[in-house]
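Okay, here we've got a single chain as structure tokens, the form predicted alone, with questions on binding and movement later.
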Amino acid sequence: MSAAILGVGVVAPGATDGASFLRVLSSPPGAPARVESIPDTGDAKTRRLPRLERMALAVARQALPQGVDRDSLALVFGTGYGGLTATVEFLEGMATRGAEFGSPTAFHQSVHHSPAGQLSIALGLRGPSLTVSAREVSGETAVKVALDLLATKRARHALVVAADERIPALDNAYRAFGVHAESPGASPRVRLEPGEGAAALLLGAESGPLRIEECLLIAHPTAPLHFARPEVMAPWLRAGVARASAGASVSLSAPSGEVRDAEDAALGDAVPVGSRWVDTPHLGFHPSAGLIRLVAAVLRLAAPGECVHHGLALGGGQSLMRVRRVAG
């Protein structure tokens, strides 16, 4: 099913909304950093929420226009890691002081569906609420779930939010597994710079000039810390581009230099080099980066056109999405 895109929101390193995000993407990339500024409304309760949930709430507010019926609005929250800060706090408390000192607050903030509950409370959402986690295609999977809700008429509108955070413990884990960009001897194919951020899309069953026209998820048998091999990844990417209209742009996943080379080889001459976007160096590698890159594609489509969004996850996951803006 296709769906209209009615609103977007984004918080990323150096960006607090769509306009600043486009400025960041138009500048040379630096080392992906943490999100330094998270918009809020000055509500003291909001400021006490964990960082992950404040990022999620900020982008949800950006994507929600006034007048949307929140009693029936579906919420789909995607995250790969969940509340890492709370998880580390809970586990370190138990490890250093004993199980009886595990923080109940940190525990409930560490579960993946905690942000969906906080979003529902803060925004007054009373429709279906789901949380999905699918490694580095968590954002794309959340979109697929939202499209299914719209197709089955469980909701007329669906708010898709994805968020993940970067903390020192995550960097240490990447180093321990030898996939951090700084890891000595890391394979060029899996040399990753972690990042963080959040994005949101408001989708509707009605017609509109800006639409998601395809959302395809593919699984390939692959080792946990490897991406899909070029020979199995490439045919799906080429087929997705072939289904797009002439002159479509492509947002490459490009989590590493070798993967970008494989994506470029798969596209060949079918897509001009100038129409291939690579946003990962600005965002870093994290499970919600796919939805942030999709918001980037939406923001770039100020004029009629089409973009094919390619996503990859460690362990063999692959996604393809098409976004189109039509005249009128």
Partner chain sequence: MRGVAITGVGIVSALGSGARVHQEALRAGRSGLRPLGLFSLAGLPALPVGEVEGASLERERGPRCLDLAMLAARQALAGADFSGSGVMALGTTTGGILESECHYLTHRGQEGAEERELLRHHSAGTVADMLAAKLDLSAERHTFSTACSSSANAVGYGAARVEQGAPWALVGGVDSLCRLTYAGFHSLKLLASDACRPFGRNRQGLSLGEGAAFLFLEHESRARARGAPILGYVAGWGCSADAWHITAPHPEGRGAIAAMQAALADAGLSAEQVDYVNAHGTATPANDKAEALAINAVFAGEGPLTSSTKGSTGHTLGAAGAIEAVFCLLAMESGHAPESVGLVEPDPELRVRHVPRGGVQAPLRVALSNSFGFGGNNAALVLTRSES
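Only a predicted model underlies this, so the values are computations on that prediction, with no experimental measurement involved. Residue numbers count along the first chain shown, from 1.
Omitted from view is the form predicted in complex with its partner chain, to which the following refers.
Asks: Would you classify T96 as touching its partner chain in the predicted complex, given a 4.5 Å non-hydrogen atom cut-off?
Replies: The answer is yes: T96 has a heavy atom within 4.5 Å of its partner chain.
Asks: Does its partner chain get within 4.5 angstroms of any non-hydrogen atom of L314 in the predicted complex?
Replies: Because a heavy atom of L314 falls inside 4.5 Å of its partner chain in the predicted complex, the answer is yes.
Asks: Is S256 close enough to its partner chain in the predicted complex to count, meaning some heavy atom within 4.5 Å?
Replies: Although its partner chain is absent here, S256 would stay clear of it in the predicted complex, with no heavy atoms inside 4.5 Å.
Asks: Any of the heavy atoms of Y81 lying within 4.5 Å of its partner chain in the predicted complex?
Replies: Contact with its partner chain, yes.
Asks: Could you work out which of E206, E100, E231, E182 is the residue within 4.5 angstroms of its partner chain in the predicted complex, going by heavy atoms?
Replies: For this set of options, the contacting one is E100.
Asks: Exactly one residue in A155, V190, V241, L170 has a non-hydrogen atom within 4.5 Å of its partner chain in the predicted complex; which is it?
Replies: Contact with its partner chain in the predicted complex is made by L170 alone.
Asks: So which stretch, 301-309, 314-322, 6-14, 21-29, is the one near its partner chain in the predicted complex (non-hydrogen atoms, 4.5 Å)?
Replies: Only one stretch qualifies here: 314-322.
Asks: For the three residues P39, R48 and P65, which mark the spot I'm curious about, does each lie within 4.5 Å of its partner chain in the predicted complex through at least one heavy atom?
Replies: Not one of the three qualifies.
Asks: Given a 4.5 Å distance limit between heavy atoms, list every residue of 214-231 close to its partner chain in the predicted complex, or none if there are none.
Replies: Counting only heavy atoms within 4.5 Å of its partner chain in the predicted complex, the contacting residues of 214-231 are L217, I218, A219, H220, P221, T222, P224, L225.
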